[in-house]
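Coming up are structure 1 and structure 2: the same protein chain in two forms, each one given alone as structure tokens.
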Structure 1
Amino acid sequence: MTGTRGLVAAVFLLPALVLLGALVVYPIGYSVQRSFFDRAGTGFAGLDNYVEIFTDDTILTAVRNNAVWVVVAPTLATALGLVFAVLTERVRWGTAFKLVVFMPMAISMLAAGIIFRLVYEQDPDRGVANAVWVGVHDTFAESSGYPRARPLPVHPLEEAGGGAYVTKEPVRAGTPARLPLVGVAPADVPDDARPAREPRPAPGAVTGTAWLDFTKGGGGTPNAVDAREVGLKGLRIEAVRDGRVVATATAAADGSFTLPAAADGALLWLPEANFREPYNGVDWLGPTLVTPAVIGSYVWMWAGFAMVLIAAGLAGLPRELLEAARVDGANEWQVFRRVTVPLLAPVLAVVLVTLMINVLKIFDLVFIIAPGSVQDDANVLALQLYRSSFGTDAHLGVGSAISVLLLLLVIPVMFFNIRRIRKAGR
């Protein structure tokens, strides 16, 4: 009878064992064997492929980035999941919030990568991250009004260094000053700018007009205010004598400005702040920030997963222990730190270990979000495995060695998880 049962069990297990052997055991064995051969697969290379992993700069960058991923991404996702799980227990709309936070898990890595490639666009008009960043920056820092504006050689202005411009001759009270500029894009002209006004003299004061010396369709006269030319509203003008600013003015909507008599005999200075390039945000996908940016997209996806598991563990905590701590005088932070977190330790370990195994294999997000020019800086082992194993310059020996390294990195984490599960079962 026992033999019959064993035979029946073997029959039922056989298909699963065949699939396990064909899809797991055989590929692992073949990868280990292939890692000891050269590029062509015909010559024995010994440990050369493994030596290359730890001497090639590109692969070393991938190893370092993987270490950053393993430490940072699971920790952040688990911490956020813990915070969300605890806070949503205390609000009436907690279920709706959990649904919103968990929703990114329904999106594939490919789709999430495309979404965040757009989020991290450098242009603030397209990238959400830089749109917010530039908006906050411009709230506290004054932005330039006329980037790339400049005078022509025939204009009474010349470069003063550092991006500023200065009049070629001192100005005099009663004699209008002309400050014509070109190179102002239509989008940079204020909406409330008005047609420029011919400068008028005023006794005891320096008057003038700053305007865009350009007529659409041509036909304008340089250094003359034509009917269709607009004033440069907001342009800051400084009167400088002996290296000291003696008076300042700001151009009105029609470009006109007035300086007191103290400006008589001074040079008119247009500070570089008038022409500074507008703040364009942060280069999220540059060599420095590309890895943190991709990790941010991963946390956005997986924080919901951590939250759901931790919330399930939280629901099973004995409430009498939490209430007893409060009765003993513990505040909410002490209850959280000394009671809730220790009781949730097994659940937190499951979440953390699961995410660690997951990030060791991260590929999709890095491949899609990181532009080609910085993929070497954002490189991870799974991506390097792909790059080494496919393409015109493929080296299957190195690719197989990387896959074996990944396996060796995952095995200790898996053993830790299995040991913890057995310990919990006992």
Structure 2
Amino acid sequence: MTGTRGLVAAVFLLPALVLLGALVVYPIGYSVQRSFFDRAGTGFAGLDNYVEIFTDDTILTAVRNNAVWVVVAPTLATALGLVFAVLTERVRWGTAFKLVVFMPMAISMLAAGIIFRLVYEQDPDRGVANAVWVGVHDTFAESSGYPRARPLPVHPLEEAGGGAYVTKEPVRAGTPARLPLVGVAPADVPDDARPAREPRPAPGAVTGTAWLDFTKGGGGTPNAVDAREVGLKGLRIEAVRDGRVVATATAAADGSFTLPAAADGALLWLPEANFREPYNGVDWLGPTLVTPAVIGSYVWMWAGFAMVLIAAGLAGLPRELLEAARVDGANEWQVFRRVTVPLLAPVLAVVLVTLMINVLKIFDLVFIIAPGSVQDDANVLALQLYRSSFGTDAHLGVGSAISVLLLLLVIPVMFFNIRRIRKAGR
């Protein structure tokens, strides 16, 4: 009887055990063994491949980045998930919110990678991250953006050092000042710049015009406001007397500006800020920021996972405890900090550990988002394993050693799982 039963059980189990044995268990043995052999796979190399992981610069970068990943990404995703889970309980459309934040989990890391490759595009006219960043930056540090603009020798301006320009003669109230410049690229001329206006004298004030002294197609007279020449809108002008700025003005769309009488007898400075290259945003996918940037995309994908698990834990909390704390006079922050979080600790631990295991193997996002030129800087263990195993310069010994390292790092979780099951089984 047990004989046939055992046979039936074997039939039921056979397909699973064959697949697991051949494609999961056997590879572990193979990798462990292979990790002790050299590049060719013929000579015993002892621990050389493992030493290489911690001495080779490129691989060491991967180790370091992976450490950053494992600490930062799960913590951020869990913290956000916790905040979202607690807050969504208080709004009626909480389910809709959860759906929005959870949705990225359903899509592939490849699709998420493409999505974020676009977010992080360097050109502020295409990548939304830099569009926002440049927008904020320009609000606080206005750059009118006339790089390489300069006066001609016949102009009343001269170089003042440090990229600024200054009038050769002091200006007088009632005598209009002329500030002509050349060398502005058509793309740098604001769309709303208007034809420049000949400066008009005004009593008791220093007036003037700052304009681009260049007629498209030629024919203009230097140092004169010709018909098709435009004002240098937004140019900053400072009146400086005795080394002090006594007044400032900004040129209007037609290039005109007005300074108060205090500017009488001052020199007009065009500060260096006028001629700076326009701010082009942050190089998100450059060598220094690429890892934080890719971690950002991971948090976008996985905060929803943390949120859903924590929300489920939250739903199971004894409400009376929270209410009791409130009745005792605790404010919401104290309730959160002293009651909710400690009660949720087991759930938070599960979420953190799950995300850590997941992050340890992170590959697709880095592979897709980091441009080829910075993949060395963005390197992580799984990416290095892929390169060592299948790249042009493959070294299967090192690749296997990395895979064994990954396996060693998850073994504590393996035992944790087994212990949990054994306990549940009793």
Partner chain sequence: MGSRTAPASPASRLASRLAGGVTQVFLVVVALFWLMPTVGLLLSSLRSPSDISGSGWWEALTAPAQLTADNYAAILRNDTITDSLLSTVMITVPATVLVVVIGSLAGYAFAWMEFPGRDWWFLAVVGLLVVPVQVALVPVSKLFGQVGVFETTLGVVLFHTAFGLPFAIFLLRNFFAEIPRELLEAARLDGAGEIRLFARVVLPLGGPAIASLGIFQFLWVWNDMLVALIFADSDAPPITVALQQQVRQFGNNIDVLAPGAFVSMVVPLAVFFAFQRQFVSGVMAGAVK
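Each residue is numbered by where it sits in the sequence of structure 1, with counting from 1. If you're wondering where the values come from, they're calculated on a predicted model, not measured in any experiment. Heads up, when I say rigid core I mean the largest set of C-alphas that superpose within 1.5 Å between the two forms.
Student: The form predicted in complex with its partner chain: is that structure 1, or is it structure 2?
Tutor: It is structure 2; that copy is the form predicted in complex with its partner chain.
Student: Do you see a C-alpha shift of 2 Å or more at residue 298 between the two structures, with the core held fixed?
Tutor: No.
Student: I want to check residue 326: does it shift between the two structures by 2 Å or more at the Cα, with the core superposed?
Tutor: Shift at residue 326: below 2 Å after core fit.
Student: When the rigid core is used for the superposition, does residue 121 move between the two structures (threshold: C-alpha shift of 2 Å or more)?
Tutor: Superposed on the core, residue 121 moves its C-alpha less than 2 Å between the two structures.
Student: Once both forms sit on the same core, give the Cα displacement of residue 273 between the two structures in angstrom.
Tutor: After core superposition, the C-alpha of residue 273 moves 3.2 Å between the two structures.
Student: With both forms fitted on the core, how large is the C-alpha shift of residue 182 between the two structures in Å?
Tutor: In the core superposition between the two structures, the C-alpha of residue 182 moves 5.6 Å.
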